[in-house]
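Here's a solo chain for you in structure tokens, the form predicted alone.
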């Protein structure tokens, strides 16, 4: 009798240590906008290397050779084009998305004097940095509701902080401040559905936008961003934090 019980126990241990069948251990899906270069490309690379199922978007996928080489799903998206956003939503209609990273952005007109502001360029900066993320989040909301993590990440900037405004960069600063405000509103509305919506500052990074004089290498910044994203909890909903998880004043 005891020998029979021992055999059953051994069989139980063997069964419980078998690898999961295909599809049972499904990777979380993350969509990164503006993934053809800079922070977006490195986010796609590092998230993919950590086992995420990555969807990277680019305005011109055929020219996004580095993104294509990552063996991730690549889709066309221009965040300023409502038709492009709608087409992406239609393509991904049956795809649950766990995490949306609204990364696509532009630096805008870099002027320090009121008299130098070009309002058409300022409007374009808002189209990309502010309306774009909101447009994409709205279109992909059904996908996010179907996902398990229900996380929306806005790649913002400390330059959107009113408390730390040192002047200049009218368009960029204002577009990121507005993005932070929109994220806060999203966090209140979607938080009721179990969402976590955050605005993340990647640091001053050596990209085409940040310039060669920036303090951080792309890999260092993104490693921090990925760690923060991995560790997000419902209590983080509505926060404005940097790539090290430190709070940034509004």
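Note that the coordinates shown come from a computational prediction; the quantities given were computed from them, not determined experimentally. Positions refer to the first chain, counted from 1.
The following text describes the form predicted in complex with a small molecule, which does not appear among the structures shown.
In short, of 75 to 83, 91 to 99, 143 to 151, 163 to 171 it is 75 to 83 that has heavy atoms within 4.5 Å of the small molecule in the predicted bound form.
A heavy atom within 4.5 Å of the small molecule in the predicted bound form is found for one listed residue only; from 55, 47, 205, 197, this is 205.
The contact residue chosen from 139, 128, 178, 111 relative to the small molecule in the predicted bound form is 128, the criterion being a non-hydrogen atom within 4.5 angstroms. Taking the partner from the other structure, the small molecule in the predicted bound form has no heavy atom within 4.5 Å of any heavy atom of residue 31.
Interface membership of residue 38, defined by any non-hydrogen atom within 4.5 Å of the small molecule in the predicted bound form, is confirmed. Contact check for residue 70: no non-hydrogen atom falls within 4.5 Å of the small molecule in the predicted bound form. For the chain shown alone, residue 190 is not a contact residue for the small molecule in the predicted bound form, no non-hydrogen atom being within 4.5 angstroms. Judged against the small molecule in the predicted bound form with a 4.5 angstroms heavy atom cut-off, the residues 134, 186 and 239 are out of contact without exception.
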